[in-house]
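The chain below stands alone and is given in structure tokens; this is the form predicted alone.
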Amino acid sequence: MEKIGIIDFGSGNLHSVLKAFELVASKSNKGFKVEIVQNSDDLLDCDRIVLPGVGSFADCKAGLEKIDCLIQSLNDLVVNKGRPFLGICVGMQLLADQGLENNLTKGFGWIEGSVELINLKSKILKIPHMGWNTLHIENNHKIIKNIDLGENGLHAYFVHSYNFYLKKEENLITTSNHEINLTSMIARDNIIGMQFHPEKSQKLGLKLINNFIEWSP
């Protein structure tokens, strides 16, 4: 039975994330056990890893750093050993080289880029980018297999003021338009990031979670 570990570092919509993963896992033909993980020892047993994040880039990074050896274990399991990883909201942003929210904070450096404030030219739309929006495919990936996306497709739920500016276009899976095209889903090897909240995105979110737990990178 595969273990899916959802990391608890004091930030994140853990209850909703846990319930969404448990629901999807219960309907899978494979055996999955979904657990909240609060230390690096428990993380070692996880076959798949989920990192939610709510709040600022710097605060989330600091929360992870307070847990002994957690970031080191994440690097080993995800980068060196190839465990499938999903970062949600700030959990996705932390994959970057750096975040510029309030001050410069180093990220994991797993996917090249920088997280910076969304800069809109007009005053018609507001920041944060909040509410429902569609996903537009930039590069195909198994994470979006058999999901209806695009202008008339399923909607995802967003709440963010900062955008992940990627260095490599090949890492971009989907964008979402909010006057400008914003990064909404990214990937590299065994790593997936979603700027929106799949646990709040109803049908779309459950389909994406299903694709993640069934995914073999």
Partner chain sequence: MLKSRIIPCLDVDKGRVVKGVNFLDLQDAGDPVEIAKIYDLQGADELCFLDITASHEDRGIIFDIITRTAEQCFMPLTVGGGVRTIEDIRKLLLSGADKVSINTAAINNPLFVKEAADKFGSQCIVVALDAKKENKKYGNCRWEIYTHGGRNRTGLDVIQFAKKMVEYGAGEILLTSMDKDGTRSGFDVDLTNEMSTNVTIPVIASGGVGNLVHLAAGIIDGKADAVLAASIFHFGEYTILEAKEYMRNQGIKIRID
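Positions refer to the first chain, counted from 1. Note that this is a predicted model, so its numbers are computed, not measured.
Heads up, the form predicted in complex with the partner chain isn't pictured, but that's what we're talking about next.
- This chain lacks the partner; the member of Thr105, Ser73, Asn133, Ser114 within 4.5 angstroms of the partner chain in the predicted bound form by a non-hydrogen atom is Asn133.
- Although the partner is absent here, Lys200 lies within 4.5 Å of the partner chain in the predicted bound form, judged by heavy atoms.
- The closest non-hydrogen atom of Ala62 lies beyond 4.5 Å of the partner chain in the predicted bound form.
- Taking non-hydrogen atoms only, Cys69 never approaches the partner chain to within 4.5 angstroms in the predicted bound form.
- Contact annotation for Ala20: at least one heavy atom lies within 4.5 Å of the partner chain in the predicted bound form.
- The chain is drawn here without the partner chain; in the predicted bound form, the stretch among 44-52, 152-160, 183-191, 29-37 whose residues come within 4.5 Å of it by any heavy atom is 152-160.
- Contact annotation for 114-130: residues with any non-hydrogen atom within 4.5 angstroms of the partner chain in the predicted bound form are Lys126, Ile127, Pro128, His129, Met130, listed in sequence order.
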